[in-house]
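Presented as structure tokens, the chain that follows is alone, the form predicted on its own.
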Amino acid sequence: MGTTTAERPSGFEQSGFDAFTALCPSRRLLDTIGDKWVSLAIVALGLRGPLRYSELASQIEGVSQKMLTQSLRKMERDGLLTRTVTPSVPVRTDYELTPLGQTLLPVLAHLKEWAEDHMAEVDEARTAYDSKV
């Protein structure tokens, strides 16, 4: 069952989109933003400014080259970052958040901090749950 308009916060449909509806295109955007590699890349670029691919890869430990490349392409397609190629030897590629991408920084930085601050509590809850199952 979906939520009714009366159950949604006011101003919900001002944009003309409603992610609670099955066919709303904003769900695709939420899928991108909710990806852990995209979220971490946005926070890294937002806190450290423009970064080369190798600098970004070293900031986000554990991300494969394939996943980072795919994440950066999705972000560029959605207008969240710019990719600047400087002809040199070797070629230099820099990534930087766009003004649109910058608008996500406070939300995602806060989410990252929340996860770090509450990980011990979540681990306890998981252990308790797993012991019941």
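Residue numbers here begin at 1 and follow the sequence given. Just so it is clear, the structure is predicted and the values come from calculations on it, not from any experiment.
The same protein has a further form, the form predicted together with the DNA, not shown here; the description that follows concerns it.
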(request) Answer for residue 77 alone: is it within 4.5 Å of the DNA in the predicted bound form, judged on heavy atom distances? (result) no
(message) Whether residue 90 contacts the DNA in the predicted bound form should be assessed with a 4.5 Å heavy atom distance threshold; does it?
(response) yes
(message) Please determine whether residue 69 contacts the DNA in the predicted bound form, using a 4.5 Å cut-off between heavy atoms.
(response) yes
(message) Please determine whether residue 48 contacts the DNA in the predicted bound form, using a 4.5 Å cut-off between heavy atoms.
(response) no
(message) Heavy atoms within 4.5 Å of the DNA in the predicted bound form: which stretch in 102-110, 25-33, 39-47, 57-65 meets that?
(response) 57-65
(message) If you apply a 4.5 angstroms heavy atom cut-off, which residues in 110-133 are near the DNA in the predicted bound form?
(response) none
